[in-house]
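Quick heads-up: it's one chain on its own, the form predicted on its own, in structure tokens.
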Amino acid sequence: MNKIPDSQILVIFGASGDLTHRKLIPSLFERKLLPEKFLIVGVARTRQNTEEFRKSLYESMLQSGKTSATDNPHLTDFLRCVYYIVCDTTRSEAYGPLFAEIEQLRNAAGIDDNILFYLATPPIMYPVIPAFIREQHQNSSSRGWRRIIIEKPYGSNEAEARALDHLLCSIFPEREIYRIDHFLGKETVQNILVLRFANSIWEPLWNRNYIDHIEITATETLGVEQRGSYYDSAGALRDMVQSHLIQIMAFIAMEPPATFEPEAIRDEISKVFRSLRPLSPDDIARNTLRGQYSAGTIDGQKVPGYRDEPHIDPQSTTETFVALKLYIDNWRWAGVPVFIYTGKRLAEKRSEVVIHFRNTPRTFFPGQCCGNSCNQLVITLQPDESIRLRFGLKQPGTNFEVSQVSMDFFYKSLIETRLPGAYERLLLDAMRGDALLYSRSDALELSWHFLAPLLESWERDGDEGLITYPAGSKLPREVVDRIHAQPYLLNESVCCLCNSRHS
């Protein structure tokens, strides 16, 4: 797993943008396993030279705190492998000179004929740049390899996603296409696989006989920030559920792979998506909910409602909150509901998975919880990366009084271990040719196909069924009343959304 990548050039299209400065370059600087012969070539229309580009990256790194004064000499050395080429990527004739210059840099550095392309551009360029790469016969090499990393969103609906995917697969082999999902780069998400498949205590319990329901939650206090134009055309379902949370669900629900190889694991992920129960009109009415935040207060500060945010349509019906109940109709999970919640401008920033185990058949002890799930495995992805097991124990004293306790492991307890950023792991994997944490074509199309009826229904309904919730609130009460109409409580860290407990 610590294989050093082949010597190569990373070509970043859209390199003058925020993603390159905030995520990509800092992530590459942090990695210790970069090849000895390695260049980064930034490509964009912004008029600047290599020295100006290096200076802007240097200043961004210092301002962000990604490096300190003591690291400055190392940062300067690192930035010597960074180059910048001005190119209008919308024009076919610009690509000949671009690749001629890249070839000169490659030969001067003695790098093998390996190029990793990264599209850090607006989605409108996703079909354009690969087509021009093919025009220049740079989509393959007889002396090396060509790979491409695509940022989300992969289309805005099933038809667009399928068309984009078919185009990419006609230009690059599937094994060389890396559809990045930064959630899967989080250490705690990857640890789901280790937790499940390296510990025999879980496998006998990891099924419908012992698990009552599963919750996957990603809430945040932020609004749309500077992403208004993009977000208003996407919404929470596309931005979070299709792109991230449904992938985490697959890690939780997948069968043990035959081998721990990328394709074997991706095979099992696709099987989960094939087993999702299709959403009928009745399912959409009963088991889904969408909301939009109105003006409210976050951390003592008043914030505007969604429709008053910059670059948002004042009549927008785009959802900023989604609650979804789904079922996986296979042997392991038949009848076990999976609840997915995500929303902006809520009271807490938290991403976690909660496995709720079934209750005991009878209640014997005072204080023993009943009518809900008492035993929980909680995998927190952020902010306090941890794994917790919750269960009941006798309180000290003469009576058999029971209280709920928790056995907790926090990643920060590994004092000498720094949790790598998501992009650090994912970039290195693509450089090494390891696609385990990247989406495959069939999984992408299956996830879009599952959500297509919901997207079509919400777009057709407009304002109808769209609830509002004040910024800074917990979850809308309707979540408990409609989506989670069950004889147990939601996990308290999630279900205190409505500011009170419900039975």
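It should be emphasised that the depicted structure is a prediction, and the values quoted were computed from it without experimental measurement. Throughout, we count residues from 1 along the sequence that is shown.
Not pictured, yet referred to below: the form predicted together with a small molecule.
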**Report entry** the small molecule contact at residue 352 in the predicted complex, heavy atom, 4.5 Å
**Finding:** no
Query raised in the report: Quick one: does residue 220 come within 4.5 Å of the small molecule in the predicted complex, counting heavy atoms only?
Result: yes
Query raised in the report: Taking heavy atoms only, is residue 240 within 4.5 angstroms of the small molecule in the predicted complex?
Result: yes
Query raised in the report: Is residue 183 a contact residue for the small molecule in the predicted complex, using a 4.5 Å heavy atom cut-off?
Result: yes
Query raised in the report: Going by heavy atoms within 4.5 Å, which of 344-352, 196-204, 261-269, 308-316 lines up against the small molecule in the predicted complex?
Result: 344-352
Query raised in the report: Quick one: of 358, 152, 390, 208, which gets a non-hydrogen atom within 4.5 angstroms of the small molecule in the predicted complex?
Result: 152
Report summary line: Exactly one of 290, 244, 147, 213 comes within 4.5 Å of the small molecule in the predicted complex through a heavy atom, and that residue is 244
